[in-house]
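Consider the single chain below, provided in structure tokens and representing the form predicted on its own.
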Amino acid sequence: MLAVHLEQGRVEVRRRPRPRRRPGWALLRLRVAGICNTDLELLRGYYSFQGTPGHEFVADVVECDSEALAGRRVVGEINAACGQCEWCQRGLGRHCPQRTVLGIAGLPGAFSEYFTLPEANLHLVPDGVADEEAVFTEPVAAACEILEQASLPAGARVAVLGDGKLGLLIAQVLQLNGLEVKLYGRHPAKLAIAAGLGIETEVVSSLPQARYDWVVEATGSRGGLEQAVRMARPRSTVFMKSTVHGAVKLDTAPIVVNEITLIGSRCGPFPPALKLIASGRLRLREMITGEYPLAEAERAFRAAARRGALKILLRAAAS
């Protein structure tokens, strides 16, 4: 089979043996996968990564133990937990100390013709939802996680900082859940996607100071968190969504003085994400910048890293 390999800043496509599944796991055949900012950061050295990346995917179940999954089209949660520890027993397997993470830590990722995941991680794609929409499930779930982590009052004003892939999804999810969102970014064409749903947008020249009780930082940059903190009012909350390679320098004095709450936010629940995608209310296809065969992953990564790019898809060859 073909598999993408990242190492020392290089993207290669290699031939590897098809993986064998273990009991309770499923062997999956890739249909389509999405390159996200985390994948680009892995290429730059995040987590000292080397191996096969990829965690946004739609796949067919080739082999499994469960009859309900056999031959079905699925998406999957990325954390493979032990199922036994305190965190797993509390339903927080994403924080399991023994977990591996698809395409990020200890588990070969989805940028491969075949890969494996625990059956418990898999969710059926609803009929009528195209692969090009379902592939957004993982980042839409990450956007939904904000609503799981805090009780935002109906109609609350929320600033989303960053008009990349995740920022656009967060703005849409929060707006559709009754919040008053303003999306700040640098790219008019990207902001237009959100504006099409009635979301207020602004091309950044200078950011407001101390204006919001709720701020989401999704710039994907080292300086984004400091900017988000400056936008926050005393006793406000800032959700941190960016994962970047290298240390982030931050003056903590205004956080302490203004008693600002910082909430780290990453993976989220798949069922509400799939329900929202199936509703057709998200503008997803407009976020697809390009599509490449898996065999042309190097070109795809270059395209994903270009300024102004949104979602780049990798598609496996038809079997």
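Note that residue numbering follows the sequence shown and begins at 1. Owing to the predicted nature of the structure, the values given are computational and were not obtained by experimental measurement.
FYI, the form predicted in complex with a further copy of the same chain isn't displayed, but the following is about it.
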property	result
In the predicted complex, segment of 286-294, 25-33, 250-258, 55-63 with a heavy atom within 4.5 Å of a further copy of the same chain	250-258
Contact residue in the predicted complex, from 105, 204, 244, 156 (heavy atom within 4.5 Å of a further copy of the same chain)	244
Among the candidates 178, 223, 126, 234, the residue which, in the predicted complex, approaches a further copy of the same chain to within 4.5 Å (heavy atoms)	234
4.5 angstroms heavy atom contact with a further copy of the same chain in the predicted complex for residue 265	yes
Contact label in the predicted complex: residue 145 to a further copy of the same chain, heavy atom within 4.5 Å	yes
Residue 120, heavy atom within 4.5 angstroms of a further copy of the same chain in the predicted complex	no
4.5 Å heavy atom contact, residue 88 to a further copy of the same chain in the predicted complex	no
Contact set, 86-100 vs a further copy of the same chain in the predicted complex - heavy atom within 4.5 angstroms	86, 87, 92, 94, 95, 99
